[in-house]
Structures are given as C-alpha cells and as structure tokens.
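Below you will find one chain, with nothing else, as structure tokens; this is the form predicted alone, and questions on how it binds or moves follow later.
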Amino acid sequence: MAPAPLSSSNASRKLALLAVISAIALAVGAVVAPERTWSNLLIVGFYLVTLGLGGALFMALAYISNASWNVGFRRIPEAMAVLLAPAGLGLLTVLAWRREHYGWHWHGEGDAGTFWFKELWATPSFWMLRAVVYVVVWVLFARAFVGLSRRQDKTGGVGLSIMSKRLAAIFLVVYAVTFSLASFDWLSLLEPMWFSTIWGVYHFAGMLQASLAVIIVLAIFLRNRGPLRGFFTDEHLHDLGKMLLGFSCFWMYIWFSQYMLIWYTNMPEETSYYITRTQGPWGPLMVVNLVLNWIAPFFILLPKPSKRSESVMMKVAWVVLVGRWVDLYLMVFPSTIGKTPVFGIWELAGVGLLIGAFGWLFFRSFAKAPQVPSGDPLLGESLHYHC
C-alpha cells in the first residue's frame, strides 16, 4: 500500500501568511510594548521547542520500549523533531534579548548570602551558555533519530532499529537532565527566590501532554487528507487517546503535589508564587488552567468510544493545546507583567505566530520525506495492530 501524496500547499501558504503577519505585529510590539511582546515570544519559543522536543521524546520512548504500534505514523513525531533547529534558534534569540532579566541582581535581591550558588547559576553569560548547549544537544539527537529513520527507508533491516534503540537510551538520560535544568533556567528564574523541586517533572508532563495532542490533531488531519489513510487506524487513535488521558492525570498529579506541599509548609519564598496566581484577577485563570488540562480531558476521554471518535479526539486535543498555552501564560505573565492579566493584540499575535510557524514548518518538513517509514521491519505489525 502506497501512501497518497500530501496536497497541503494551500494550507501551508495560509499558515506561512499567518506567521508573517503575526511576526510583523510583534515587531511593532517590540517597540510599542516591549515587555509584553517579549513575554509572548518567550511563551511561543518555549512552546515550539517543547513540541519539537516532545516529538523526539515520543520516538525515544517508542524505541526503548520496543513498540511497533506507532511506526505507521512515526513521520509525524519525526517532522516535529526537525522543528527543533529553527524553534531553538528563535528561542535563543528571545532569551538573548532579555538575558539580563534572569540575573540575580536584576530582581533587586542584593547580596545573595546563603544563595550564592543561585546567584552564580543566574549569571547572564553562564545562563546563556547553558541555553545554547541545551538546544544544540537536543538538535543533534533529533537529527540523529531522523537520520537513522531516513537511512532505513533506503536500506531496510533491523540494524538501524537497534542503533535507534541505543541512541534512545542515551537521549532519555541526557533529556532528563537538560530539560529539567532548562525549565528552571528559562521560566523558574523569572522569580529567582521561588523554589520547586518538581518543576522539571511538571514541565515534562505538560510537554508530553501537549505533544500527544499535536500528534492526534496532525494524524487525524493527515488521515483525512490522504497521506496516512490506511496507515493510521482507529486502533492507533485509541492508544493515543489512552496516553493523552493518562498524561492529563499525571499532569494533574504533579500540579497538585507541587501546590499541596507548598501550601502545607507555608514558606514565604515558596507561597509567593501561588499567592499571586490564586488570588485576585489571576485566580479564575488558574481554575481555567485546571479545567482545560485535566477536568475536561479526564471526563471526556474516560468512555472507550470517545477515544475512537475523530471529532471527540480532535476537540479534546485542541482543548489541551489551549490549556498548555494558559499554563505557560500563568508561569510567565505574573512574573513579567504584574498583578493584572492582559490579553490583546500582542497575545493574539503570539498565538498566531505559534500556530502559523509550527504548521508551516511541520508541513514543509513532512512533505520532504517519504510519508511512511517503509524500510522499518515493524511497519507491517503496526498496520495490523489491535489494542
């Protein structure tokens, strides 16, 4: 069975136009409202990088667990992983623009005292060097995964699958360390006196939850448009639905663990983060965050038929993706903008850039390669998979 060619040039042009218009608006915002523009670009950059990294993580977890069910639609996470290079470059540019904001003394903390290591860690030059290292390492791993898969299209055999499995084992260790540090560096250090020992795990949950939602949206779209028709089945959709339900619950578990422990110990340097976000005008947004990221997907995806319905899964996936944006908004804006939520043209432009840039880059990458990994010996098992 040969996949139908992808005919999405019209959609790609519209997405590219959306990205260009949004970028122009944000360029104006950089002069008119620089702090809000930078905050939106930080969300966009981090969101895009984590989606690309999520694609690489999805492949690594599949390889290390000897999974075969995902092979038929593996080109989706591969194309997501390819986005790491342009998305990472964009994020590094955004971080370099305001790198002094992350420095200890920028926040008026004065002498670090017993927090001397945190002051050293937040030194702008050292902080920026780490950011470059994180992105470069992730891009190299992503390219290695995709490169091995492309070689397998030409040569076939299990040897390259074994190499990918070994690479996945190394990547998972490197990812666990680097992504935890990056989430601290880029978001937690916006408030350097705040502490959380599970911040990295929390972002792992949110990243994989959003990445699964994107894979669901794209897989349904590509099946309806032709390229994955016959390769992506309701069995695959059902398993993705189970994973999305599971990681929504895991996200809520980590969110509650972090909140409950901080509330119980009642230490001022920890509670300050939640006091701002749960009281006053930010409080309703925190409730919306919980509804979008856990309550809605949990109750909607519990019945088995929901996980096998294209329309239901598409809607839930978009709810989760909006929830991920709200989650990041609650991390960034109270730290950079102040005590009152804002949503206007700059935020709309940020969302437009996020959707337009991701969609255009994804379809550009997806169309460049064979749309099914025909050289993988597990492809047949994937096509006849039953959960």
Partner chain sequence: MSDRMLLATFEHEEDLLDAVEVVRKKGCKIIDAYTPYAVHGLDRALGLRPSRLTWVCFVCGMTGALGMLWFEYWVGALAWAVDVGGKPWNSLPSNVPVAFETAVLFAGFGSVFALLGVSRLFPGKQVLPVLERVTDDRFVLLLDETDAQFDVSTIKAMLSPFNLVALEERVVSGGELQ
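Owing to the predicted nature of the structure, the values given are computational and were not obtained by experimental measurement. Positions refer to the first chain, counted from 1.
Heads up, the form predicted together with its partner chain isn't pictured, but that's what we're talking about next.
Site residues W116, L120 and A176 are none of them in contact with its partner chain in the predicted bound form, judged by any heavy atom within 4.5 Å. Contact with its partner chain in the predicted bound form, defined as any heavy atom within 4.5 Å, is confined among 128 to 136, 296 to 304, 188 to 196, 150 to 158 to 296 to 304. Though the partner is left out of this view, K165 does not reach within 4.5 Å of its partner chain in the predicted bound form, counting heavy atoms only. Although the partner is absent here, N266 sits close enough that one of its heavy atoms falls within 4.5 Å of its partner chain in the predicted bound form. Using a 4.5 angstroms limit between non-hydrogen atoms, E235 touches its partner chain in the predicted bound form. Although the partner is absent here, F184 lies well away from its partner chain in the predicted bound form, with no heavy atom inside 4.5 Å. Note on the partner interface in the predicted bound form: the residue among R308, R99, R277, R143 having a heavy atom within 4.5 angstroms of its partner chain is R308. In summary, among the residues F221, F250, W282, Y259, the only one with a non-hydrogen atom within 4.5 Å of its partner chain in the predicted bound form is Y259.
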